[in-house]
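Before any questions on binding or motion, here is one chain by itself as structure tokens, the form predicted alone.
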């Protein structure tokens, strides 16, 4: 075997010849304790200066400053093995230099971040992780609601934008440039929080003065509420976060006997909706109801268990299918009722609607199957 080829196999065993002529190698080259992917294509005349060398992005970044030297060594080295040894030596020196500079860079970065946190105010800093790459910063609005923003710095900070996690009803996209600071992000967060003050004021009034069946513990991002009206009826509202005073999307839940009058009232009273009033006042006028509140009732009065599985929650479901006979008015989970009806000899289905009898009183009952998000 040719001496040069033997040296290649001995010194760079992870670079595998791709043909019988030994004009192409593919595999890995080890530098210090790490392996880097590399592909080498030699010209047929064997002249190194025309060699095509490709490597993974990490090694490419390491050698970026030495492009001229690499080309010079290709021209001057006697064989491929000697060139690769010199290439490894160049990369090792650069890696050692970067390692020596890293503590200084880290100290400078930490000092800069500390200065940026001071500009925000230490009283607003909830937490800082040990490597100074993640932060939690709070903002307290005019109603004393505390909003927390989580910041995770990118490995290429500040050239790349950090990852931001917030609890807001609309996606939070930050504006970031290489000269941006944590204070810039915080100010953008505060601006967005201020945008939704009317939304939260209206929803908080509902949370305080009515029985909210869902969600159990509303977050700032939650724009929906299921509000109890009676033991047999409730409404699910979804509020537009950008126009919280406008008429929300309203879904009626309960037996037809209990919800039909509410639908009729809404149709008749749409002209009464006043965007200068709060959601609670408008909903009461629209539906002609006085909502039960924590001051005069108990939540258990409006959260009856499913008549089939005898529980209130079934995964993400609560009982919202109700028998239309007012003397029964038993609620069921949609899933439970569908399974029950499918087991009856009289089971009948038309498109997405199932027909059957109430498990309790045998009154005719229907349930529409829906795809839950």
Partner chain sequence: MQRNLRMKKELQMFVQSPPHGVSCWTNDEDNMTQLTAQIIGGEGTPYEGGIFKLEIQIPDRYPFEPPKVNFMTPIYHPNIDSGGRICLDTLKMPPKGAWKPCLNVSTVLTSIQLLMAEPNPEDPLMTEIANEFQYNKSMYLQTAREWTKKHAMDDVVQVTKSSSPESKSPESKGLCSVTDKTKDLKRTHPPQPLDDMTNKKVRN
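Positions refer to the first chain, counted from 1. From a predicted model like this one, the values you see are computed outputs, not experimental measurements.
Keep in mind that the form predicted in complex with the partner chain is missing from the display, and what follows is about it.
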Select from the listed residues 339, 35, 56, 50 the one whose heavy atoms reach within 4.5 Å of the partner chain in the predicted bound form. 339
Within 4.5 Å of the partner chain in the predicted bound form, heavy atoms considered, which of 70, 314, 62, 31? 314
From the candidate stretches 62-70, 321-329, 35-43, 342-350, select the single one in contact with the partner chain in the predicted bound form, where contact means a heavy atom within 4.5 Å. 342-350
How about residue 355 - does it come within 4.5 Å of the partner chain in the predicted bound form, if we only consider non-hydrogen atoms? no
Given that the partner is absent here, does residue 26 sit within 4.5 Å of the partner chain in the predicted bound form, heavy atoms only? no
Distance check, residue 17 to the partner chain in the predicted bound form, heavy atom within 4.5 Å: no
Residue-level question: is residue 22 within 4.5 Å of the partner chain in the predicted bound form, judged on heavy atoms? no
Taking the partner chain in the predicted bound form, would 307, 335 and 362 all count as contacting it (heavy atom within 4.5 Å)? yes
